[in-house]
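Consider the single chain below, provided in structure tokens and representing the form predicted on its own.
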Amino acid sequence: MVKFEFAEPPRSGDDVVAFEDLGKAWPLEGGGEKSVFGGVSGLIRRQEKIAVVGVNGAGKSTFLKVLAEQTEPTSGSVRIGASVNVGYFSQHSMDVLDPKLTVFETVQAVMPNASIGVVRNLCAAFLFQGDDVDKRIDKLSGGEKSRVVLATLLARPVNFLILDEPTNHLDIQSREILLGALQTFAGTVVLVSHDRHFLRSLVDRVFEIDHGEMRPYEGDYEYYLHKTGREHSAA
């Protein structure tokens, strides 16, 4: 199996993101607004790997979007720390790929100084081997596009990864490669995922969004399941 090693990312400050009294509401068509969450405060520290959990529709993706500065909070503040370089992955990331480029050209574009061998190696780590690197983006499946986006994300000198369902379209082998890469990643990770194996193997803190509030759990995913009494429903 191809193993992917990250280039050491530039070191960020110890406080990666501080957020205070954070709230987000979406406008409704008929006027007024729907509050997603409110009064959320916390601190994300360097090298933490945090899962954001909650029922569907709880606002997990919206919270990640606010952290990634993809949408403005309705209230409160988000402060990104010193020397923090954000890489953000969502299901919409696939829409920004240039359909006319090949896999190789897409990855090479984010690491222009790298040798052909290094670019090929990164492509291979995400299961594009041999002639696969010459496939055009518009000929790829959803899972293949997902792998290209993740490869381009990991090729950049980012030290804070915000990942919204990164394993959704991935097969088991790709998931294991991504998991291995994230386990050795020297930066900070915040992710939403329904993949319990992924969460068990990776995270050391959990933020639960529930009824518009957020509760931090100062332990890994097993600790969170135990504390909330969910371990029996979490086979």
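Because the structure is a prediction, the values reported are computed rather than measured. Note that residue numbering follows the sequence shown and begins at 1.
What comes next is about the form predicted together with a small molecule, which does not appear here.
Using a 4.5 angstroms heavy atom cutoff to the small molecule in the model of the complex, all of 26, 57 and 62 count as contacting.
Here the chain stands alone, but in the model of the complex its contact with the small molecule, taken as any heavy atom within 4.5 Å, falls in 48 to 56 among 180 to 188, 199 to 207, 48 to 56, 166 to 174.
Looking at residue 36, you'd find a heavy atom of it within 4.5 angstroms of the small molecule in the model of the complex.
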